[in-house]
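Take a look at this one chain, the form predicted alone, written out in structure tokens.
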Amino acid sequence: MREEVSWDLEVDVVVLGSGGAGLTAAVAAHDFGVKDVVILEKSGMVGGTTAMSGGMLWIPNNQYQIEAGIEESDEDVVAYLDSLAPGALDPETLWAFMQSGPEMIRYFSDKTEVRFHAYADFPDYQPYMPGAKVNGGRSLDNEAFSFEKLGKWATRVNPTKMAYPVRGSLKEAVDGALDEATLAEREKHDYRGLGQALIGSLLKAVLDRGIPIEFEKRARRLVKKGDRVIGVVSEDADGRDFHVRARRGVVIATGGFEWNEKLVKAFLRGPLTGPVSVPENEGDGLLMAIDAGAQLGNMQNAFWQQSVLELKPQHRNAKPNYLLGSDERARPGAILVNRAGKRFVNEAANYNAMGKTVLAFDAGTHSYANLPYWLIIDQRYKDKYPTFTSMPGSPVPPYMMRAETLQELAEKAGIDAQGLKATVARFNDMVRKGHDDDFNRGDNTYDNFYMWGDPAFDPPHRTLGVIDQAPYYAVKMESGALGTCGGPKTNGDAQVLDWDGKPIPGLYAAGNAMAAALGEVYGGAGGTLGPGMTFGYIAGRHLGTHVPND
């Protein structure tokens, strides 16, 4: 957009979005010398998808990993990532992530109330690949954070996607490490863990620095003077334009485009039917970058995640609500089947890799062979484990089908009955023999990580269990995503590039709004937030140290 504008606000840097990447960019810009920073947030809440997430960060060679005695080498990191996306990674952005990720962690640990610790036994998501950390170390967990410190701002943070509040870190919650007295004290002072802790502590850093957040300001257009981006036009809740001058630059951190049906159909490699991110992720940043002449990258990929439709929209403008589907499929006594009633994947595999198998195309039928697909469990499973929002002993939720026999269940769900019965019989036989001959489920450290399966059992039965106790249950699953990972391509300084490979002056991108630095790779727990916050930090640092006021 090139036009004469009457500015409603003039600052040095404008950050679009208040998720992990956006808040990090704002703090870094301020601390590296930018006088005036403002955050424009589309919704009325802070945190984006980060606040709803597990909040972990995948950062190789981080200080906590080193302190825990877990050795690292650049060669191993490159070997691991390259094995997951051979020849597809950009050396400049990869190196920027590897160098600046640990620096970002040190900086926020020293200068803010953001606190991490190594989840030392959380394995990389593909532990069988070259350079992987088979027993963990690269993933960081958040220390719990007291929302009392936020005062009235505590109500401005997006709620978690978890079924219940987590008052400790993820490791504390999984290990059951908090006694009743400690939990009561944590609850009294509104301690929160996971993505809540991450966003809460980042928000505290923003507030401590006096960085303003303008709510309900949906960024619509970038303003350019010549080739340089000098500001942004946003739209308030009443549809009025709000013009913000950016003397140094604009950081796009608006998330992906997974809630924009047109963009999903135009770019993604296959159907995305159940996003689990905030519904504000409609590709606003992508559209602005395209209009500004940005080069695009990685557009066909998403960070895939299995999900379940919980609630349909109740009115025209509402969005459906999808539940995360990570743990249920990996516990003993659960399988996934397609409409032929056949298993098609190792159910304990990581969600991003599994999402690609869901999109397998069958040329013979000219359809997606594994869409739709279902989670199959029995009464033993339902009595023992939480199943999405359904606790053991609770009534059957609307999204779950129940039947006394596998034949009846298949007929209700629209699954081939003979195929389902044969699959369950074969699976049970393999479980009793102690090995999944079809998909090798339970053969590696990730499959048997106690967070996914049942730690009461030894591998492989931590994830393998028979399905033989009626009644039986089926849950229709969606091709979901944590977010898309394509967008404007950047260099190692987070500057958005044009189609000639030159930086567009004044324009930066970070998080899921940029072409992911690691492409379609999801290295381990925190595979989106680690690179996202790193490039937010890089953008803010570069704006503070290399860009003069326009």
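Numbering starts at 1 and runs along the sequence shown. Since we're looking at a predicted model, the values are computed, not measured.
Quick note: we don't show the form predicted together with a small molecule, though the next part is all about it.
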property: 4.5 Å heavy atom contact, Glu41 to the small molecule in the model of the complex; result: yes
property: Heavy atom of Gly487 within 4.5 Å of the small molecule in the model of the complex; result: no
property: 4.5 angstroms heavy atom contact with the small molecule in the model of the complex for Gly20; result: yes
property: The small molecule contact at Glu478 in the model of the complex, heavy atom, 4.5 Å; result: no
property: Answer range among 64 to 72, 30 to 38, 51 to 59, 487 to 495 for contact with the small molecule, defined in the model of the complex as heavy atoms within 4.5 Å; result: 51 to 59
